[in-house]
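Before any questions on how it binds or moves, here is one chain, the form predicted on its own, in structure tokens.
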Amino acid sequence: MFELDDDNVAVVIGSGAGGGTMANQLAQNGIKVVCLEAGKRMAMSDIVNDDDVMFGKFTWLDERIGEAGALPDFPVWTCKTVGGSTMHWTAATPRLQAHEMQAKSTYGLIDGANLVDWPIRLEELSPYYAKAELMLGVTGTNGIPHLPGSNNYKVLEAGARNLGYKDIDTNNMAINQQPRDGRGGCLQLGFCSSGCATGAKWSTLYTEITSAEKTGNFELRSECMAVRLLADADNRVTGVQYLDATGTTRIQKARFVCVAGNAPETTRLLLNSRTDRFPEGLANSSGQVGRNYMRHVITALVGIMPGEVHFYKGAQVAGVVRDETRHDPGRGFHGGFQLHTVNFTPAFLANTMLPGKWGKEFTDVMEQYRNLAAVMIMGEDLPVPDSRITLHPQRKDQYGLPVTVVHYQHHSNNRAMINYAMDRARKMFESLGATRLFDLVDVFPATHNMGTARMGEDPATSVCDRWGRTHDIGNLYISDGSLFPTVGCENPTITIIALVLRQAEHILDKITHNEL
């Protein structure tokens, strides 16, 4: 629809929470947008309630290498499809807390951690959270009722109350309880991370993307892999080089570019876009691109309960205990964590809960699948400079790009948090008569990837300013979780969307004043 040499278009890279939202905001306001998405576009009929089938349909399966604390062959789980990781996400949408956005001021100096305060405070972001919650139809906000509690939730709630916890409900979820905005209502099918066949779970695939297309200002180019950002001598991005579905190299000229490829791909694109001025990667004069990678502290506990639970039914994380999200160093660590419901397929549990087991030892457990309950712990992950994403010096993928290397180091604070949190989770399940417990520690690939192009006031120590615009390149924006200076203990998607709504407003203001 738009010509390759049209230098008046905005190019958005990625179609997920950040890219899809940004593209729609611009298109709705009359800006011509080309959205480059590496994956295919699925129809609603392609979505089935089966984790194994959907894993192959939308997972980013190109080679990545994990080092240190990252899984070696599958360090991160992102999606390669229109809609990005909003196809895979569980739709939990809690806001960050004020103290989490001022971590350095709140926690003080912590050895080995590269703590900073966000360049914006919660009160500045709050109006955009509210806008995002209305846009997504988040339960527990704007008069929208919470989802009903599943059996797994009832187990979580009962165990939590036995320990004296009080802040418990079925979570703020971007999942319709009833049909809304042309999307269906939740049927409590379970396994939300395999996609949502009814459209009850918000995804840019069938919200922002379709809305943008109706404007006439938007062109989606799926199966188009961005490989390099092009910049001129005046330190402005002039276009994006990409490979189309046939493998042909194209260059789309651009007025400005918003990169929202999820932290692993956003980082790879910046590092691969070297220039004479930026030999270590575009917008990387600070040397901070790829550093301070965070992914949340994630672990889980599975218990065999005395009665049937059928934990596979119901929204995966529609149940949360918030009492431990506070900052209380008296517990032996900084930051907080959530306890929330989760469910797993038999195949996943066989590989992670019972690795190497067989025969009666294996079947005695798996035959009790209907009696399983599970709780996931998600805690604040402190930024560590050497937790970083880099490019492999020799290995290339099918696009001819250097393979992404994810090097993740647990800070000692993480281990202290895990030990405390798992003890609380065990006591919860034991109080309900659990007959056997299984720890799932260090078995999950990262699904929350953040921090590799952090925002900040100082160009020497950050990649982007308070609006997500790179310090070095005036018309280049980062529009995903790479922006996060710290991560708190809350699921990141609603914060990404709030930041992008704020960023889009800033961009439109710049355009109005002929400054972009």
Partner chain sequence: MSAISRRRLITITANVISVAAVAGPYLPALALAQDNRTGTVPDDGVDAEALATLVHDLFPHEAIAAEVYTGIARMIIAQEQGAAGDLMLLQTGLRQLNEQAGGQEWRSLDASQRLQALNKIADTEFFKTVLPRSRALLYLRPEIWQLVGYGGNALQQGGYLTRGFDDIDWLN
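Just so it is clear, the structure is predicted and the values come from calculations on it, not from any experiment. Numbering follows the first chain given and starts at 1.
Just so it is clear, the following notes concern the form predicted together with its partner chain, a form of the same protein that is not shown.
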item: 4.5 Å heavy atom contact, residue 345 to its partner chain in the predicted bound form; value: yes
item: Heavy atom of residue 262 within 4.5 Å of its partner chain in the predicted bound form; value: no
item: Residue 475: touches its partner chain in the predicted bound form, heavy atom cutoff 4.5 angstroms; value: no
item: Residue 398, heavy atom within 4.5 angstroms of its partner chain in the predicted bound form; value: no
item: Triple contact flag 128, 167 and 465 to its partner chain in the predicted bound form, non-hydrogen atom at 4.5 angstroms; value: no
item: The single option of 113, 350, 122, 418 touching its partner chain in the predicted bound form, heavy atom within 4.5 Å; value: 350
item: Listed residue (438, 278, 74, 206) with a non-hydrogen atom within 4.5 angstroms of its partner chain in the predicted bound form; value: 74
item: Listed range touching its partner chain, judged in the predicted bound form by heavy atoms within 4.5 Å, from 43-51, 451-459, 27-35, 466-474; value: 43-51
item: Heavy atom contacts to its partner chain in the predicted bound form at 4.5 Å, residues of 133-149 in sequence order; value: 148, 149
